[in-house]
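Given as structure tokens, the chain that follows is alone and in the form predicted on its own.
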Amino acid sequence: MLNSFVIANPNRCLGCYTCVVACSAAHRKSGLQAAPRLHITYSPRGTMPVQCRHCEDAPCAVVCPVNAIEIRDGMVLVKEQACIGCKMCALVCPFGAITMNGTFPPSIPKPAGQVQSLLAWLAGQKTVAIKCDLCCSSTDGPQCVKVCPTKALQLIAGDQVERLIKLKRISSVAVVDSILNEEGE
């Protein structure tokens, strides 16, 4: 069976960041890094969230030197406590869906107004990989899907992926888009 993941319909996305806020709040509530596991991307064709596709072959899990990334229950999960912050997973992710987030000890102030690059390193900061975990600690499922005001996001299960691939092969992109719109309502 294929892994599940959240898919976005760029024709419906407003770029409102409601999904980003819900993601951050859900992870803060479960005691994990409070940073969002998705980011909004903008293009001439629209906006949409980018997040982990929970790859079947999971290159991030393959390169992790401490096995902090595992495939479990149709999801690719990061064990934040085991992550050493080497950034190998972020470098090999084909979707750019893994980011690094860090915490500072109380005695070290966090630098204000700086954009962190993937290769940045700050003394005293404990950095770990973060990525979409389909809100596995929530009984409601992915919070981004739950709160999206336009239903631009939906959780796709492995069996739905195979069905959508078959439909795409035999029909136009417009037909697949209309099916996703119907299932999202």
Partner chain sequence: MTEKESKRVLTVCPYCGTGCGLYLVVEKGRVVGIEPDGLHPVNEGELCVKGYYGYQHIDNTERLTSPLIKKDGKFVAVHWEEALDFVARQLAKIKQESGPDAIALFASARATNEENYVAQKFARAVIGTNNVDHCARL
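This is a predicted model, so every value here is computed, not measured. Positions refer to the first chain, counted from 1.
Only in words, not in the display: the form predicted in complex with the partner chain, which the text now covers.
Peer 1: Checking a candidate spot here: are C16, V21 and A25 all in contact with the partner chain in the model of the complex (at least one heavy atom each within 4.5 Å)?
Peer 2: Yes, all three are in contact.
Peer 1: Counting any non-hydrogen atom inside 4.5 Å, which residue from A61, V147, C136, L32 sits next to the partner chain in the model of the complex?
Peer 2: For this set of options, the contacting one is V147.
Peer 1: Please run the contact check for K151 against the partner chain in the model of the complex: heavy atoms, 4.5 angstroms, yes or no?
Peer 2: Because a heavy atom of K151 falls inside 4.5 Å of the partner chain in the model of the complex, the answer is yes.
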